[in-house]
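Next up is one chain by itself, shown in structure tokens, the form predicted on its own.
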């Protein structure tokens, strides 16, 4: 199967090179874990590669998602929307359930022939709109089967109750139907400084089975650091800037020439924001390596 890049720095190596095209990925996490941030990065990376983006939001208004994306560093998101490369579907749980049953097939026909990335954020209200488990399974199965016809799908699932208990019906049904499952573990009240991620499932691919620390940083978004690199720390911001500038200067021009203008612009926008950081609590060399790996520049 063809691999596509996730847009999340450090995630592709954990999934055997990226996400398999025309599959479904479920991202599970509690409030504040970074589910929507990850989903936005996934769409942004597709847009850079010439794919279309469909963002189906069931909680937050599109304007709020755009605002948060810009704060995270996606400054040209509105340009994609204005050019009809990115569209929002603003729906509530029950209304979207009716849309799935009555209008989804027509929607898929309208998008036939497109290479799209589709985000459903969150999928949980769709499940809650149907009372019996069989009905939930049938509804979600039909949704994922149809949307995969036009592209690669990523759904977010809200984690409620006991942290790490993935046996609830609103979680287990999407997990069973999805090709890939990513768990973002974040205890906001107990240890807000600690976040880690695990690939629970990744069909047709070798994948990491360990927990990996991750962070969320303005200009970078959600990123995963290799376990062995988490103890490294830059001595100060000036040292970090020197490392970044030296690494970028060593990239062969023939490699950057292969990138689209948008991808190159976003790389340097990200780097520019990193250079403005006053302090660092991550290894700058490791972080830049992740960015270069995402765009296959090393």
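This one's a predicted model, so the numbers in the text were calculated from it and none came from an experiment. Positions refer to the first chain, counted from 1.
Just so you know, the form predicted in complex with a small molecule exists too; it's not on screen, but the next bit is about it.
Of the residues given (130, 217, 89, 108), 217 alone sits with a heavy atom within 4.5 Å of the small molecule in the predicted bound form.
In summary, among the residues 36, 270, 69, 57, the only one with a non-hydrogen atom within 4.5 Å of the small molecule in the predicted bound form is 36. Although the partner is absent here, residue 32 sits close enough that one of its heavy atoms falls within 4.5 Å of the small molecule in the predicted bound form.
Using a 4.5 angstroms threshold between heavy atoms, residue 183 stays clear of the small molecule in the predicted bound form. With the small molecule left out of view, the stretch that reaches within 4.5 Å of it through heavy atoms in the predicted bound form is, among 243-251, 261-269, 36-44, 49-57, 36-44.
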